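The chain below stands alone and is given as structure tokens, in the form predicted alone.
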């Protein structure tokens, strides 16, 4: 199956307003996602929030089924939370660590995750250690294998880092983790919706993802997968009376499914938007989406290579839809604003977002142009022309 770009754009109102290359930040929502949210908000306004949730209970429950189809798991292994950071944190902070335990992570790891490792290490005496990258830039499975011993309690990596354009070898890392019986946490925020994801194939025990990026869903919503066998051993770092049943004055019982990581109050319009976004992506087909995104990113990289004064900043054997670069002599934040003034959206990734990688590569803030399947080759030419004008001053 190939992407009908004209149809995708017709179903994406924002394409008439902007040239959007900030899909790794927040992609443009398609009409079914917008409608799912607006319809529920209007229903809440008409009959009341509790009553609307009760009336739409079957559709809301169906979002768990949609997530399960998307990543190849059981609905009982899925929790829906306010965002991907909360999802990741709820699982990570439920894992037990003691002095001397080792947490292995990637050189290209995201800052939000790394500060959590450091906090847990500070509290428990665990150690955070970095898996060396391969010469091409991605996390090295061979180096990881050499680091394994009985003290390694967690392998935790970001599948697609926030910058650098690479895709980490998540499945290879998962096979190592499974062979040694080590818990494996995968941050899939920027890969879910951009490429096919199967938690069994990846071998991860825990996966977190967001709605707003390549899934094209609303902001303020994310989800968590926890493998059933591990789920049953984890106590969330915080609970309420929906995550656990209060069964006696001095006793509670946790839910048996992943919803033990949720709390009772939720944004049901956002949840329905997430479900609509997943169903929309599945209807296009994730293999077709990945092919289109990869082709567009390749076209953009080739165009950048032909422009004088552009320094590409991407690494990795396998690259994705995130394209990073700098313009010689042009402040990236000023470039972003100049592009935005022309209705072209990009973002800027600061070194602190991936501090170890940025330090190792002496990276300044980099411009990040992230493509999606509804972008066009004409839009890429528009971006390249605008960058050429910026370089000329």
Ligand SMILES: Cc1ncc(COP(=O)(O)O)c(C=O)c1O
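Positions refer to the first chain, counted from 1. This one's a predicted model, so the numbers in the text were calculated from it and none came from an experiment.
In what follows, reference is made to the form predicted together with the ligand, a form of this protein that is not presented.
Residue contact check for residue 84: one or more of its heavy atoms lie within 4.5 Å of the ligand in the model of the complex. Although the partner is absent here, residue 158 lies within 4.5 Å of the ligand in the model of the complex, judged by heavy atoms. Interface residue remark: residue 212 is counted as part of the site for the ligand in the model of the complex, having a heavy atom within 4.5 Å.
Mapping the unseen interface onto this chain, residue 168 falls outside it, with no heavy atom inside 4.5 Å of the ligand in the model of the complex. Scanning 226, 323, 189, 274 against the ligand in the model of the complex with a 4.5 Å heavy atom cut-off leaves one residue, 189. The partner is not drawn, yet in the model of the complex one stretch among 118 to 126, 174 to 182, 158 to 166, 297 to 305 has residues with heavy atoms inside 4.5 Å of the ligand: 158 to 166. In the model of the complex, just one residue of 105 to 132 lies within 4.5 Å of the ligand by at least one heavy atom: 110.
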